[in-house]
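Next up, structure tokens for two forms of one chain, structure 1 and then structure 2.
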Structure 1
Amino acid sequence: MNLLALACSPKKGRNTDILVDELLQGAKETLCDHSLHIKKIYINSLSFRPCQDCGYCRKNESCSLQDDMTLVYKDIEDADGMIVSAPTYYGGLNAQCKMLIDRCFRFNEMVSNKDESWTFQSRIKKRKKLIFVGANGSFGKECVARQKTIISHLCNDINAELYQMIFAHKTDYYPVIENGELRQKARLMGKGWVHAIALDLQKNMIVEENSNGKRT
């Protein structure tokens, strides 16, 4: 099982990052064997450019920009479970996260319908379960709704099911490090997440074996 965490805050060890670690810890406690591969990437440490809308990915199933995103693309394709974490900046996702999401447009396949509308599909075969981790310095009801819309679009393009979202609110007053209840919630979420992924993988294996005629 491949778990990929894309941490978009520039701050290591702070609010969103702590929640990511709790989720991953819950995952490790649930599936403590060699089949679990966890990769965490700090997006802020990468060198990559924002999407240029050059149109290359509409004709080719890849991106024209050759930068650090090339490696992340491979990890996204291989992931069974994915975490995206980002703090709220000016009411939306921070720039690092938005840049990452825009660069995932290369995974989107636009199919034209008879009525001149479009269906947006994913070019990725493997289905994954995604958790979004957010943090607001104050209270972010509107931010949650706004971010959920964008994350849902991302899920569509990378063939992910939005498994759960978890938010830290009022971090200016209650930093996550002091919020034991929220940390516990994240740890439990990580456990449930990995359990659900394991069940999916098991189901897929049975379907595959059936279609190969190995099992009835």
Structure 2
Amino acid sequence: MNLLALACSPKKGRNTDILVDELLQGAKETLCDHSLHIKKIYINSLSFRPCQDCGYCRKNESCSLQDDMTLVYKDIEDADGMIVSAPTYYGGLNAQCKMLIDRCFRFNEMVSNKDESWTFQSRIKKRKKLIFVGANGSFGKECVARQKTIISHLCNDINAELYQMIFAHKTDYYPVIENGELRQKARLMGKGWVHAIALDLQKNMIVEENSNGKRT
């Protein structure tokens, strides 16, 4: 089972990062028949440009920008479960997270319909379960809806189910390191996440076995 955590905060060991680690710790504590392969990437440590809207990915199914995002694309494709974490800046996702999401547009397949509308589907075949981790320094729950909208678009493009969202609100006053209840919630969420992924993998194996049996 491949688990990928994309940490978009420029600060390591702070609010969103702590919650990510709790999720991953819960994942490690989950008993399942699958070995866990966990990779955590700090997006702020990568060197990559924002999407240039050049149209290259429409024709080539890849990105024209050859930078550190090329290292992340394969991990996204191979992931069975993903975590994306980001702090809130000016009421929305921080720039590092938004740049990451914009660059994932290369996974989007635009299919024209007879009524001149478009259907947007993912080029990634493997379905995954995604958890979004957010933190608001001085904001409260008013940021959740707008961030969920953007993350939902990301899920569509990378063929992910939005499994759960977990937020730390008003962290300027209530830092996550001091919030044992929230940290425990994250750890339990990580356990449930891996258990749900394991069930999906088991179902997929049964479907593949049945399909192979029918072919023979």
Ligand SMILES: Cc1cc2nc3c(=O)[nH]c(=O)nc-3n(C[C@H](O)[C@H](O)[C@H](O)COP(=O)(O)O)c2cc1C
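Counting starts at 1 and follows the sequence of structure 1. Basically, rigid core = biggest C-alpha set you can superpose within 1.5 Å across the two forms. Computed from a predicted structure; not experimentally measured.
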Structure holding the form predicted in complex with the named molecule is number 1
CA of P87, rigid core aligned, shift of 2 Å or more between the two structures: no
Is F139 displaced by at least 2 Å at its C-alpha between the two structures when the rigid core is overlaid? yes
